[in-house]
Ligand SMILES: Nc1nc2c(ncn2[C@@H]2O[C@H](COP(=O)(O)OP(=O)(O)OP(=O)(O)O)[C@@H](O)[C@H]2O)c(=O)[nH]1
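Shown below, as structure tokens, is a lone chain in the form predicted on its own; questions about how it binds or moves come after it.
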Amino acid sequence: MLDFFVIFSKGGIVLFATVNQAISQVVNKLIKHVILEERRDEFTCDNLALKYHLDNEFDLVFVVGYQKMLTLSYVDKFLDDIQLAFRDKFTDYDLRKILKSKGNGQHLASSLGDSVSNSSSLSSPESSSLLSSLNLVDFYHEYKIIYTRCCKQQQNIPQPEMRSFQQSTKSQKTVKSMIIQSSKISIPTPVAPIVAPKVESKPESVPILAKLSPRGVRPEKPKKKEAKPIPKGKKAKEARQWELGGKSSDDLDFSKKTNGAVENTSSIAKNIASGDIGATIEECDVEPDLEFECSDEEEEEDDVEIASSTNKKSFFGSLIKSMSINKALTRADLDPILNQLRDHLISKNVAAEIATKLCDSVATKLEGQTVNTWIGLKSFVRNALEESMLRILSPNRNLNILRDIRAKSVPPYVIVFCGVNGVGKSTNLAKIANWLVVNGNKVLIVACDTFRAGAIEQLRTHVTALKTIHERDGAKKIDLYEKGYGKDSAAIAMEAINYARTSGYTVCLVDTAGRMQDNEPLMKQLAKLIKINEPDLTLFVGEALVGNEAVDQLGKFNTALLDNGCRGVTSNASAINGIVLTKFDTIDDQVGAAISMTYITGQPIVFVGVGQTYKDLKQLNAKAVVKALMK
């Protein structure tokens, strides 16, 4: 049973609707998260599953909604039949005259909303007459016929019957058939053993060198090398003594601080690049946009050809223009071009599943549109795909961390970093901490990776280096909060946030342990940390090197967090609010991971790591990424 069915134009005018509940919020979410972002995934909202068809020739959208627990096999055929029937009837209508005759659209919408609460079902005669009077197009009779026919077809589908035991092959076997008769057993004839030729054995006492040497020549015994005496004036090479090596295991446990202990910053200060020590605060800031070195030779050649062709206006050119024909695109026209573009996207490291969905959404968007036959179809489809990818990389939610930090009434602003092992969470956390300090924030780094050996020491090294750069004037701008190894990470994060609130820190950066997406106990531990502390921002740190693995990693991370009760601050669709891509300087133009990760969650890419120093952090330029993908 269908809960509702709506037909509306791409301009937002509802032409026909059959409802038994308020659907405005549900349809608006479908338009915002699926249709505008050109996604082809199944959309679910609360307990409803929604499917839609686009009619690009008439600019119409057909939407059907039903309970997601139901498996309705006739929905696709129902939408196809409804689309064909409504197109035949919609050609006879003039929308302007209909709107004038029906009156104000707002009054129509309010009366439709009032009728929803009064109507209990679609089949009642009162609701059908009321809905037919409120709809702009009188289509209820045809809708009822098609809906009834589709329901009967599903009921008439024969259900497969289970075989009885007598019909199975196992019932044919009896005890007598399973007994092996002795007469049927074939005894193999014995095979005569193969006797190897006798080889005269030589005495084992003969040395190997004597066997290999020619006759009459006795091998010489190898001479032992005599150790050269060390001159009295020279000293033997001594073992290297590391500055922070320590002489016992207690000296190497840096997580235990003693009162009055002074951190040894001499080796860290030596290892900081001289350019960072002498750099100004402005030079340590994040560069605004990420650019790629893309060759523009092809575009320049195209521009030259277009310019030369426009200058040469001839009688033949005007004749071709007059003979041009507008043709409606079909799926057969689009499939060869989209298959080439899909293979090109996969070669650029886009996940195969995402590349297929992108091409399907472009085909749905272009199918039925009229195109001039003299315009190159390949360039037309290519431009549509570029627009689709640019829309995906520019999500509707603009994330401005500095603005959100200033707007928060009760600091600190909490950011949690999560991801798989070895992607660079701690390194990029230090880069973002450097960027926040440069922009006037007081940062507290929280060490919640209590599992990996050396994780706390790594963060302490970063904090000491950042102090050397930023705290030359003596003002405290950044610090580390840690409680050692083997502790509960959620409790450490809670204590750190309370300490930051009382100590005047504006931002808390929480570092978590790396974990694989299939490790259920560790995923529950991460969900516990996020659910208890309720961070303002949850960033997923991923590598730019991944291809198809990006879908599995990010999808399972988001699903695990949602299943354990975590919700985003602004949207219930995703528990991850942003993405940080690392190792972007190692992939050249293989930037497909950016499209894959953004498509899965619909969340923006906040930062991109492009190097090893603290200022190697950039913001993503969507146009540059699309240009590199289509190169």
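The first residue of the sequence shown is number 1, and the count goes up from there. No experiment lies behind these values; they were computed from the predicted model shown.
Another form, the form predicted together with this ligand, is not on view; read the next lines as being about it.
Remark: R452 counts among the residues lining this ligand in the predicted complex, judged by a heavy atom distance of 4.5 Å or less.
Although the partner is absent here, Q612 sits close enough that one of its heavy atoms falls within 4.5 Å of this ligand in the predicted complex.
Within this chain, V420 lines the site of this ligand in the predicted complex, having a heavy atom no more than 4.5 Å away. At a distance threshold of 4.5 angstroms between non-hydrogen atoms, N519 is out of contact with this ligand in the predicted complex. Comparing 339 to 347, 355 to 363, 475 to 483, 422 to 430 against this ligand in the predicted complex, the single stretch with non-hydrogen atoms within 4.5 angstroms of it is 422 to 430. Residue-level contacts in the predicted complex: of Q83, Q458, Q369, S379, one residue has a heavy atom within 4.5 Å of this ligand, and it is Q458. Between this ligand and the residues N28, Q590, T586, Q67, the one pair within 4.5 Å by heavy atoms in the predicted complex involves T586. Scanning 497 to 523 for heavy atoms within 4.5 Å of this ligand in the predicted complex gives just one residue, G514.
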